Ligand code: MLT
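The chain below stands alone, shown as structure tokens; this is the form predicted alone.
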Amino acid sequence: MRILKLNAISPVADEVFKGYEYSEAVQDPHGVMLRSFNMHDYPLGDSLLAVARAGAGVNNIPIEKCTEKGVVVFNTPGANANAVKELVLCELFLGGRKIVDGANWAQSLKGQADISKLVEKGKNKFVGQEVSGKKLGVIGLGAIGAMVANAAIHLGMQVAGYDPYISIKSAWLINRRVEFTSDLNEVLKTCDYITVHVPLTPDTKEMFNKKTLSSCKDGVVIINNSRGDLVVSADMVEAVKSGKVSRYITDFPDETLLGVENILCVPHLGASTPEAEDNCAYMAGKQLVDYLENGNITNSVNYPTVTLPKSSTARLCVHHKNIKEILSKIVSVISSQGVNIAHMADSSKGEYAYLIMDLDEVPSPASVELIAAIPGVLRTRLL
């Protein structure tokens, strides 16, 4: 198997791909590993089976084109969660205390006489507030949001969590002292700090705009380590200048935000730790290998999770549209060849579905071609 690296990837992946052809120079790859490389103009060759993103966001990958060609796109939710959580905690303190402003001012004292006296005289310009006892709103309670909520409880904060799509797994992990609310407006009106941890979708794009910002508690601190486009930058600048928002801290600088007092732009450092890069590379690599070798899908953004222990002579994997009677047509072809189906798993995700069939003998090439010709079948692969 051939795996192409489109970005520098942590060397922990080298061990995962032992025995594979794995480099930046691979031709006609079966799999792609990447981080931030923009794949939208990248040719999707017929040999390409899967793309693995060592990170959570996949806006740099042409999801629709991949899905139509039966190319599975993986990401690594939660692999960088601790790194982002730690940055958010740092930003909570930076939001309440004017540490960066004070440190920059202190640097300007170099070369002056009696620095200690100047420090004592000037430090009152940088008085801030403690986070203990304040209320934090966590919008989005996935892997990162849940960790932030739990950590904030231990800092002595009140925490309100908002997530209409919270998973059972996340709910079990969240501290019982976190207050759940189904009303986003309640978070905006009552919280001293707000941190956002949601994906960028048509529903969440520009969710922080003039209207929602006007609903916030006066003097709120807003932290955004998810995506820049969740916020209308011009509206945020206006809210900061008016004092409605006392400080905005974001991991996504842009021209509108830079140089504005009380807006702190961090250069996309959320997952920039060697530990997070190792975790993401390992997780992405293992998912890619399991799919290439066994046909199992875990943590795909465009196809459903479907896994089966491999125990039979042959395995047939089929990407198909989620339409009526297509499954019975596929099964009918296999049955007509006198091949027994030992195990089968099929699941859908929106308009698309994925099927794994474990067979007691290898089906003929002609039968696999018949399945590939069924309307709605996107790709077949015999393992």
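Quick caveat, the model's predicted, so the values are computed rather than measured. The first residue of the shown sequence is 1; numbering continues from there.
Just so it is clear, the following notes concern the form predicted in complex with the named molecule, a form of the same protein that is not shown.
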Exercise for the section: Although the named molecule is absent from this view, report whether Arg35 comes within 4.5 Å of it in the model of the complex, heavy atoms only. Expected result: yes
Handout entry: 4.5 angstroms heavy atom contact with the named molecule in the model of the complex for Ile223
Key = no
Practice task
Verify the contact flag for Gln287: yes if a non-hydrogen atom of it lies within 4.5 Å of a non-hydrogen atom of the named molecule in the model of the complex, no if not.
Solution key: no
Exercise for the section: Report whether the minimum heavy atom distance between Ala52 and the named molecule in the model of the complex is within 4.5 Å. Expected result: no
Handout entry: Complete contact of Lys69, His319 and Gly376 with the named molecule in the model of the complex (any heavy atom, 4.5 Å)
Key = no
Practice task
Work out which of Val88, Ala271, Ala152, Ala146 lies within 4.5 Å of the named molecule in the model of the complex, going by heavy atoms.
Solution key: Ala271
Completion exercise
Assert contact residue (the named molecule, in the model of the complex, non-hydrogen atom within 4.5 Å, options Lys310, Lys244, Arg97, Arg227) equals Arg227
Problem - Per-stretch contact check against the named molecule in the model of the complex, the hit in 53-61, 323-331, 341-349, 24-32 (non-hydrogen atom, 4.5 angstroms) - result: 53-61
